[in-house]
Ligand code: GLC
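Before any questions on binding or motion, here is one chain by itself as structure tokens, the form predicted alone.
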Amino acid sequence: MQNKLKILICASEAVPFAKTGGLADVVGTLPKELAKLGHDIRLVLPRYYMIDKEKYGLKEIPGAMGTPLGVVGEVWCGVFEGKLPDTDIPVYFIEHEGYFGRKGIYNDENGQGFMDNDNRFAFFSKACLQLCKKLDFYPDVIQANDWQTAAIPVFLNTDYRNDRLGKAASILTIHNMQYQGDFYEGLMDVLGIGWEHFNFLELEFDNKVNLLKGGIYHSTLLTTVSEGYAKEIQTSEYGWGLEGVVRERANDLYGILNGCDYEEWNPETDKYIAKNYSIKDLSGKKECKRDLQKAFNLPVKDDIPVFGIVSRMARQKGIDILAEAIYKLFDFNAQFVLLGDGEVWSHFYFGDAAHKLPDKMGCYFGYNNELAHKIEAGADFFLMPSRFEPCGLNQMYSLRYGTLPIVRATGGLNDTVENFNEKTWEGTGFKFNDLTAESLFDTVGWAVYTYYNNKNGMKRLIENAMKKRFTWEESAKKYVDVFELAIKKRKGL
């Protein structure tokens, strides 16, 4: 086996403690697989208002911890320790009532970002490093995740460069390039690392401090959540202004696909669906389809394709393209079910569509885990017309359930779904390239045609899909390879 590594993972969210998106799924799952490989893993999170100390059995570590924060001065905080559920992996929570003792993780109740997000996460990043000293835990490598902890590699190369802690290698994992942590230039005084680092190579971008840019520049190595996305963020279409910065570090960038939690997403054992089924016996899928139709008050029909959508209702997910296409899609002899939450206009638009054509479409606005499982099991096809998708998980769930994904060929969607070849019957779903309502319509039409006129092709597609596996074990091994490379590079080897 590889050398046992001491790994510190720092993030702003992780399941089951706090979640707004895929970042939390990765940070809550990857440590378990790294621990199975024999490594010493520690996880650090903020102790948000929503994280119940009693529920998770958090114990306070004696003694307040001081964190120097530039012009703000010494910021004192508490530290609580718990475990990642069903493991022995320590999770440390930074407790600061002023920064984290409020509802919401990044935004207030109106969806507006907190005005002090710059100070909150600059403090958290510095506190992660101070925690190492408090615990006398000196990691070989520290993994930062997205802009919220991107200051960690910056601090390691500045404030801590002559410190024992400064020997640690750093990895910055980019989960979504769109969110960069850009703030007014006065944040430099809070970071306290010296204004000489406010330059076009390091932290300055459009006369603001850009934390993600600083992290990209200073981290030992970089990872992102699929090979496809690693290439895409080097282009103007997906780089959100930082594509040149990423291209400068292209040789240090690794795309590692997220894994899928097959313990939760498994049609053979799923407790939420009407009847379990497997690749050897698909009869239960028909019962799941009927159950899904009933759940959305649609006519119960076995011989009509059902298209499922479980999505954040946002432009990133192509929800506007779906809206543009939806009434044309209703021309097909098919049904559509939608579960999601997000941009307010989309609730009214799709809700109105379902009201006008209740035999064609059903909607549920909000998030409902049980219903998400029912859609994955009961639908015939799953729509993901994303503008960009760093990795994506729902297409992996859909493959496991024999629910054929229809995806735009971008990022992780392109990496995980193979286009149907009508001659060889190879493939696991249907893909389109152009982000237009016409392309979406044509590809759904292709799927509908296949459903009605190519029964053997459908059967083979479902079999192909259900055999696919994207495991966290495989992903974790790739992360360890990158961690070891980073350690060697940090040592100058």
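Numbers for residues come from their place in the sequence shown, where the first is 1. Remember, predicted model here, so these are calculated numbers, not experimental data.
As for the form predicted in complex with ligand GLC, it is not shown, yet the points below apply to it.
- The stretch among 308-316, 401-409, 208-216, 119-127 whose residues place heavy atoms within 4.5 Å of ligand GLC in the predicted bound form is 308-316.
- In the predicted bound form, at least one heavy atom of His175 sits within 4.5 Å of ligand GLC.
- The shortest heavy atom separation between Ser170 and ligand GLC in the predicted bound form exceeds 4.5 Å.
- Although the partner is absent here, Ala14 sits far enough away that none of its heavy atoms falls within 4.5 Å of ligand GLC in the predicted bound form.
- Contact annotation for Val26: at least one heavy atom lies within 4.5 Å of ligand GLC in the predicted bound form.
- A heavy atom within 4.5 Å of ligand GLC in the predicted bound form is found for one listed residue only; from Pro385, Gly378, Pro153, Pro390, this is Pro390.
- For the options Thr416, Asn258, Thr223, Gln180, the residue carrying a heavy atom within 4.5 angstroms of ligand GLC in the predicted bound form is Asn258.
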